[in-house]
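Next up: the same protein chain in two forms, each one alone, written as C-alpha cells (structure 1, then structure 2).
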Structure 1
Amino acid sequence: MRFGIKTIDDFDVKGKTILLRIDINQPVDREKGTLKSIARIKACIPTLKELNEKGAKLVLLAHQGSDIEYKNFYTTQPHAKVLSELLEKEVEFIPDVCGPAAIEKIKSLKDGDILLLDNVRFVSEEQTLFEMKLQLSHEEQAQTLLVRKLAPLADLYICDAFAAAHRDQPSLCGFEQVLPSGMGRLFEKEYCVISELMESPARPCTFVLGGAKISDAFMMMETVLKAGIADKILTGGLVGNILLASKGDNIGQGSIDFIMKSNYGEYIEVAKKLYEEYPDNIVLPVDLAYVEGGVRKEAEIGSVPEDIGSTDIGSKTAEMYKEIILSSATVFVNGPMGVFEQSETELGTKAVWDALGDTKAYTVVGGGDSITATTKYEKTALISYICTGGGALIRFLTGEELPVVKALRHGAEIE
C-alpha cells in the first residue's frame, strides 16, 4: 500500500455496492441543459470501466458548481448522458441525492449497474461547509445526512475526485470514517505524479508561475524553494508584477491599482521577503507588455510608462524563459504569463507553451486557465501530464495535507 491509501487492487469488488465519488464538475449551458466541456468526465472513465467490468454495483456521487459559482450550480443529469455515451452503457440518473427515491434505487441495483445521483451540493451540509467558517471534523462529517443515509447501503467507498481533494466536505471525507475506502485510478495517477514531482524531480527543475491566484502562488513558491524542489521559478502574470513592484520597479499604475483592488497589497511585502531570500532562484521579467490604443507595446523594466497597466511579459523575457524551459529536465507550470485571452497580450503565454511543447523535459501543467491555454495552443498531446485538479494540486504543492488524503488514510484502516 502506497501513501497509506488503498487502491482498487486491494478490494474484491464483484457484487459489491460501491459509493464512487468522482469530480465531473464542468461549465454548463443552463439554457440548453448541456455541458460546455467533458474533459473531467473523460478522465474518470478508466476507473468506472474497471469497476463496472469487475461486476460492481456503482453509485456515483458528484457535485456541479456551487453557491459561489452559481452559474454552474446545476443538476448532474446532463453528466449521466455523457457518461452513458463514453462508457457505451446506460448510466441511470436519479433526481435525488440521499432521499427515499435514491435509497430505493440503490437497493435495487444489480451487478454491473451504474447509477448517478443528483448534485451532492444540493444537500445543505455539503454546501454549507463550502469554504465557510463552519467546519466539521471528519468524525462530524460522518454524522451528516448524506453519510448516514448512504453508507449503510454500501460495502465500499472509492474516491476518484482528485480535483476536489482539497475540499473538506461530507461526500469527500465523511464516508472514509465508516466504510472501507480507497482511491480510484485517476486519483492514484494524479497523486503519484505530484508526489514524485515533490520528492525527486529530474534536475534542473523549473517552475513557471503566473496567473492571478496570488496567495496560492506565493505559498507554493515558498514551499518549493524551502524544500529545494524548484531550481528556478520563472514568474509572469500578476505574480511577476507583484514581485517587480516589491523591488520598487515600476509596473504601471494600472497594475498597481489592480493589485490593490484585488486585495493583494499585502503580498508585495511577502514577495519582497521571498525575493531577498532566494534572488538566484526567482527569475523576474526583464520587460513587460501593455496595450495602448488597441496596440501591443513593450518596455524594459526601468522604462515602463507610469500610466499603463502591464498585462503580459515582454518578448525579451519570453525568449529568456523559452531557453530556460528548453534546458530543464522538469517543468511545472501554473498560471499564464499574461492576459492570454486577448491577442495583444498572449505572446508571453504562447511562447512559454511553445517551449513546453518543444522541451525534452517532463512537463506538468495544472490550473483551469493553464489547461485552457494548453488547448488553445494545441499542446495537449505534447505535455507529459495535465493535472485535472488545479486547486488540489496547488494546495498539495503549498505543503498542506489534502483533507481527502487524510480521510482515505483513515478509511484504509477500516475492514
Structure 2
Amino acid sequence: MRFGIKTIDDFDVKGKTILLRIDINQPVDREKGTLKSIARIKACIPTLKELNEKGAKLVLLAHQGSDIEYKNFYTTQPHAKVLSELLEKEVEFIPDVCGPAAIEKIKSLKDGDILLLDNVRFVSEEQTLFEMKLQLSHEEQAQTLLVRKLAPLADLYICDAFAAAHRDQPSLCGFEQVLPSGMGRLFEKEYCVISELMESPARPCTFVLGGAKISDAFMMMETVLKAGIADKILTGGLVGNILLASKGDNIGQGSIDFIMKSNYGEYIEVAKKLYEEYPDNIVLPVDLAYVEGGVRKEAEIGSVPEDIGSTDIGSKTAEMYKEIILSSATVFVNGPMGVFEQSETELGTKAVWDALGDTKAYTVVGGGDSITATTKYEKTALISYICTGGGALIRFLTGEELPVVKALRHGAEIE
C-alpha cells in the first residue's frame, strides 16, 4: 500500500475478474478509423501485462473523445487492435459497455483473457455534463447503471487512469465503493513521481504553462507560487494572453473577443491579482505572433495591430524562454505556446521543446497536447518524465485531493 492506496502487490489476482479502468484516449483519424498516437496506450501496457501474466481475467474500461462535445466521442475498437499488437496477445473488443452482450461476454471469460468494452462515455452518466450538473457523491455513483451492472461480475477494481483522476465519474469513482480496489503500475508511478518532485524540486524550478485549460492553469499557478514551489512561471497560449490583457496590454481585439466569447473574461481579474502579487515570478511574452494572409507576422507588446488575434508567442519571447529553461534545474511543462499544429504558428512551442531536449534539468511534461508536441518534435527520449495526465496533473499540483485518489483510499478498506 502506498499513500493509503492498495497496489497490485496487495492482491492475489489469479483467476480473478478485474475491472481495469485505463486512459487510452488518443487523437483519432476518423476517415481511416485509426489512432494518430498510441502514447497513452503504451503507458498502460506494463499493468496489463503483469495482471495478464498472473492469470487474471481483465475487463478494460476506457473513454475516447472529448467529454463535453458528444460529436467527438468515438468507439474504442481501434484501441483493441493496438493493444493486441503491443501485448502480442488478442484483446477482444465488444461494441457494448454494460448491456446484455457485455455482461454475457464477461461471464464467459477464462483466466488470461482480456476484453475491451466500448467507450464508457456512450453511457450518459459517464459524461462530464452529467458529472457537472448532478454532482453525485461517490456513494450515489455506486448506484449508477454502469456500477450496478458490472460490479457484481468482478472480484476487484484497479484504476490505472491517472490522466483522468481529476474526473468524478462512475467508472473512476463508483466501483471503489463496492469492490476491493487499488491502483495500477502507471497510476502508482505517476502519483509517486509527481509527489516526490513537489516535495523538494531541484532549484531553480520553472513552470511553463500554455494551452487553453484556463481554470486549471490559474488554480495551479496560485498554489505553486504561494507554496514557493515555482521560482518562475513562463506563460504562453491563452494563459499568457489573459495575463497580458489583465495588465491592459494590447494583444489584439481578436484575442480579446475570443477570451470573452469563450467565457474566460472572469479570469482577467484573477490574473491581474496574481500578477500584482507575484510580478517577479510570472514571466509574460514580450512579443506575439499572428497570421495575416497566410504569413506569420510578429509584433512587440504595445505594437500589436488592433484587429488581430495572436496565435503564438514571438521570436524574442521564445528566445527568452529557452534561456530560462536551459538555466533551470527542474522544469514542468503543461500546454503549448500557440497553435503548434500549423507551421506558421509553431515557432514558440518548438523553441520550448528544443530547450527541453537540450537542458540538463529534470523535465516533466504533462497533458495530451504536450505529449503530442513531444512526439512531433521527437523529444520523447530526452524528457525525464512524461505524465499522461493534463488536467489531473494540474489539479494534483494545486494540492487538491483528486476524486479518484479519494475513492481509491475508500476502496482500500474493502475486503
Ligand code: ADP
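Since this is a predicted model, take the numbers as computed values, not measurements. Quick note, the numbers are simply positions in structure 1, starting from 1.
Annotation: structure 2 represents the form predicted on its own, while structure 1 represents the other form. For the motion between structures 1 and 2, Gly391 lies in the other rigid part from Ile371. When the larger part is held fixed by a C-alpha superposition, the smaller rigid part turns by 13° between structures 1 and 2.
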